[in-house]
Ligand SMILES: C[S@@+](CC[C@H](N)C(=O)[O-])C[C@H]1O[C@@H](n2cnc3c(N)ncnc32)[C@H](O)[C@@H]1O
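Let's start with one chain on its own, the form predicted alone, as structure tokens.
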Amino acid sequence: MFDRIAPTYDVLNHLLSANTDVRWRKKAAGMLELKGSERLLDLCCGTGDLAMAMKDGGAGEVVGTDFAPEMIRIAEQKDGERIEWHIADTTDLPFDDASFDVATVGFGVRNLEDLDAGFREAHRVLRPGGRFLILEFSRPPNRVFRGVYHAYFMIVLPMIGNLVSGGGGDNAYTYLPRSVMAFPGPNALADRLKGAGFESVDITPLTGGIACIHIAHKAR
């Protein structure tokens, strides 16, 4: 499914979010206050936009991984040689323990077959004191705003996504709203991160709670 939508993935992300996704990624990079010395791993990287935002935001060495080969191919074309790209499963990463200072993931953890295994792997590859940032969709707490958002997310978004990407009922843009509605809320996600070994988790809602940034901290 993800290989199939890769050619239109960037266009639809920007179109369906009115470029809000670009601002969210820049904010995520800014919140980490990167110094240029960090080795950063971007998981479920897709076509590489968050990894590139982290590089632009001051990260040192950046590695991006995704399990969809076509996503990685497009990321390589977009980036040139600034970032190291790998086809890899987030629940079984090909990296040594404690080999990164920061791990990030944008709109990807919903797609993990085993969420807790992915969180444990992120914890494993981080050095003591490392940080794990998750940028992910959420559900707005305000009832009125949530109703409008759900109508767009469940009706309008799949219609446009299926039209542009040429998919049918099993398309990713039908899958997307279902996966968000089934995903743990911000506090439940923080509890899952702590269950995977992280010491503390900071939560920042974005755009009225449409999305959230979680920053989990590994003990020193």
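So that there is no doubt, residue numbering starts at 1 and follows the sequence shown. Since this is a predicted model, take the numbers as computed values, not measurements.
Beyond the structure shown, there is the form predicted together with this ligand, which is absent from this document and is the topic of what follows.
**Student:** Looking at 62 to 70, 149 to 157, 191 to 199, 26 to 34, which lies within 4.5 angstroms of this ligand in the model of the complex, counting heavy atoms?
**Tutor:** Selected range: 62 to 70.
**Student:** Flag this candidate site as yes only if A122, G130 and A219 all have a heavy atom within 4.5 Å of this ligand in the model of the complex; otherwise mark no.
**Tutor:** Verified in the model of the complex; spot residues all out of contact, no.
**Student:** My question is simply whether L112 lines the interface with this ligand in the model of the complex - judged by any non-hydrogen atom within 4.5 Å.
**Tutor:** The answer is yes: L112 has a heavy atom within 4.5 Å of this ligand.
**Student:** Counting only non-hydrogen atoms and a 4.5 angstroms cut-off, does C44 reach this ligand in the model of the complex?
**Tutor:** Yes, contact at 4.5 Å.
**Student:** Evaluate W85 for contact with this ligand in the model of the complex, applying a 4.5 angstroms cut-off between non-hydrogen atoms, and reply yes or no.
**Tutor:** No - in the model of the complex, heavy atoms of W85 and this ligand never come within 4.5 Å of each other.
**Student:** Consider F100 of the chain shown here, and say whether it contacts this ligand in the model of the complex, taking contact as heavy atoms within 4.5 Å.
**Tutor:** Residue-level check for F100: no, no contact with this ligand.
**Student:** Taking this ligand as it sits in the model of the complex, which residues of 1 to 29 have a non-hydrogen atom within 4.5 Å of it? Please list them.
**Tutor:** Those in contact are F2, Y9, N13, R25.
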